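Next up: just one chain, as structure tokens, the form predicted alone.
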């Protein structure tokens, strides 16, 4: 595969990083064949002279993005105007049947159940997910989970960014042949660009892409350390669960503290405003809570997604029902998808 020979300085440094669009996904760091880049929280940085191969520019999710090219690559066609939340084959709501998953999950635990089912059947030999930072509660880190217990440990939503693509190097190092990848819309977009660029060594292990519905991520220091602990006096280690259901709900042994979203908007990552994809429209399966209690809303988009979802359903790992009666969730999905595109169009 030949690439347009453009340097990091001429492409990502100017059009993405300087423009405030960098989402810290780590894709450029993961794919650089010469090890020229180092991951940093704000943005990647050069640690040695760029060799001008152009691979980082080909794979960055925010550099010269084309929905038309991506949709045709994944689905063989472009999204129609009436497909407000992307191309799909099936809409369903699901929840895990395993009590261990239900005790640890965010909503219905469908993502954890899908991964556990695929691992048990041998369909995958690992999953790239957001793991837990032992020193910072609810601060996620990239993780290659290879056992059911490890998958279970990573259950639940983290509202802070985890550069999950960095865990791809561990999957390659361990010579994993079939891995599921769970990530945000921008990360799913990055994987699709890697596939379109023909980076066979990097994308070969990635069998299934599970996309998370995402309006935005927050800055950990601002929200957790300054606001939750500093302003509200909640010890971070005492938090058992975080969720967003119209408000941010923080559950501790003492009860639930509700924080208005308008109050925490100031801690949202600025680069998220450059994203026009709420529901991970290029994933094999997209998942989210959408105001549901104890259920996960699932959008099955591709044949691979249908395979993953149906196998878990047939194995009795998940309980599933049609989403057509979930009028509120469907309305919210349409509303948030439209809102994402409107925010993006103002930039």
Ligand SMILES: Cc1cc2nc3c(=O)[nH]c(=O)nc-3n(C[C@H](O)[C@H](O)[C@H](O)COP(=O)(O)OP(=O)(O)OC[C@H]3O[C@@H](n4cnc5c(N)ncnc54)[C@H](O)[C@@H]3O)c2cc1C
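Numbering follows the first chain given and starts at 1. These figures come from a predicted structure and were not determined experimentally.
The form predicted together with the ligand is left out here; the points below concern that form.
Asker: Taking 4.5 angstroms as the heavy atom distance cut-off, pick the stretch from 199 to 207, 160 to 168, 232 to 240, 118 to 126 that is near the ligand in the predicted complex.
Answerer: Of the options given, it is 160 to 168.
Asker: Taking the shortest heavy atom distance, is residue 148 within 4.5 Å of the ligand in the predicted complex?
Answerer: Close contact is absent here: in the predicted complex, residue 148 is far from the ligand, nothing within 4.5 Å, heavy atoms only.
Asker: Do residue 280 and the ligand share at least one heavy atom pair within 4.5 Å in the predicted complex?
Answerer: No, no contact at 4.5 Å.
Asker: Determine whether any heavy atom of residue 212 comes within 4.5 Å of a heavy atom of the ligand in the predicted complex, and answer yes or no.
Answerer: Residue 212: yes, in contact with the ligand in the predicted complex.
Asker: My question is simply whether residue 137 lines the interface with the ligand in the predicted complex - judged by any non-hydrogen atom within 4.5 Å.
Answerer: No, residue 137 is distant from the partner.
Asker: Among 98, 84, 276, 216, which has at least one heavy atom within 4.5 Å of the ligand in the predicted complex?
Answerer: Checked against the cut-off, the match is 216.
Asker: Out of 250, 74, 154, 93, which one falls within 4.5 Å of the ligand in the predicted complex, going by heavy atoms?
Answerer: For this set of options, the contacting one is 154.
Asker: Can all three of 26, 59 and 172 be found with a heavy atom no more than 4.5 Å from the ligand in the predicted complex?
Answerer: No, none of 26, 59 and 172 comes within 4.5 Å of the ligand in the predicted complex.
Asker: Just give me the residues of 238 to 257, first to last, that have a heavy atom within 4.5 Å of the ligand in the predicted complex.
Answerer: Nothing in this stretch is in contact.
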